[in-house]
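Single chain ahead, written as C-alpha cells, the form predicted alone.
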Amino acid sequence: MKLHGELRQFILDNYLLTRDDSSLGDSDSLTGRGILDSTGALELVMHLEERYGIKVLDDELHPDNLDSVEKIAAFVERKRA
C-alpha cells in the first residue's frame, strides 16, 4: 500500500494541488475526472520512470495502465517484477 500512497500523494500535489487525501480515491478515473490530460500523462510517465526506475514504452501509454492510482500501482509493480 506504500506505492498507492506515494502515487496518490504525487497526483494530489501535482494535479489537484491539495493535500486533502479524501479528494482522490484509488479507483477514481483520472481522465474521467479531468485530472489527467495528454501533457499530464507525459509528466506522470516521467515521474514513474525517474522515481521507480522503470521504462514506459509508447504502446503502454493507455488507460489500462495510467487511469487511476490502482492501475498505475499495478503497472509499476508489473514493470518492476
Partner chain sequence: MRDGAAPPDLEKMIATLRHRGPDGLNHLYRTPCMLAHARLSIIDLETGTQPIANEDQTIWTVLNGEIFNFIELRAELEALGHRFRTRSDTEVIVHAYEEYGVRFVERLNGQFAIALWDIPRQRLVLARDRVGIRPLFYTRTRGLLLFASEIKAILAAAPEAAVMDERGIAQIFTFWGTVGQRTAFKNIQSLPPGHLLVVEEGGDRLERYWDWTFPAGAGRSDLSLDAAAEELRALLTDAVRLQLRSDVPVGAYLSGGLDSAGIAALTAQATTKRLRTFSITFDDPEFDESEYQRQMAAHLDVEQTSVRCSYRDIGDAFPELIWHTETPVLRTAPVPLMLLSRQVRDSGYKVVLTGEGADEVFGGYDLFKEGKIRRFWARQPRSRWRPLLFSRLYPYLAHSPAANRHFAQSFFGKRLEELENPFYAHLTRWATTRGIFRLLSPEFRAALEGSSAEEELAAELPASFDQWAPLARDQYVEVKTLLQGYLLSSQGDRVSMANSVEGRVPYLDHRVIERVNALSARYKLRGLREKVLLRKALEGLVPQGILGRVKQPYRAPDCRSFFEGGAPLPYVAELVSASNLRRTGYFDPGAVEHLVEKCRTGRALGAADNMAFVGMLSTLVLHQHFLGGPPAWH
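Nothing here was measured: the structure is a model prediction, and the numbers come from that model. Residue numbers count along the first chain shown, from 1.
Only in words, not in the display: the form predicted in complex with its partner chain, which the text now covers.
- The three residues Leu17, Gly32 and Glu43 all sit with a heavy atom within 4.5 Å of its partner chain in the predicted bound form.
- Taking the partner from the other structure, its partner chain in the predicted bound form has a heavy atom within 4.5 Å of a heavy atom of Asp13.
- Taking non-hydrogen atoms only, Leu66 approaches its partner chain to within 4.5 angstroms in the predicted bound form.
- Of the heavy atoms in Leu36, some are within 4.5 Å of its partner chain in the predicted bound form.
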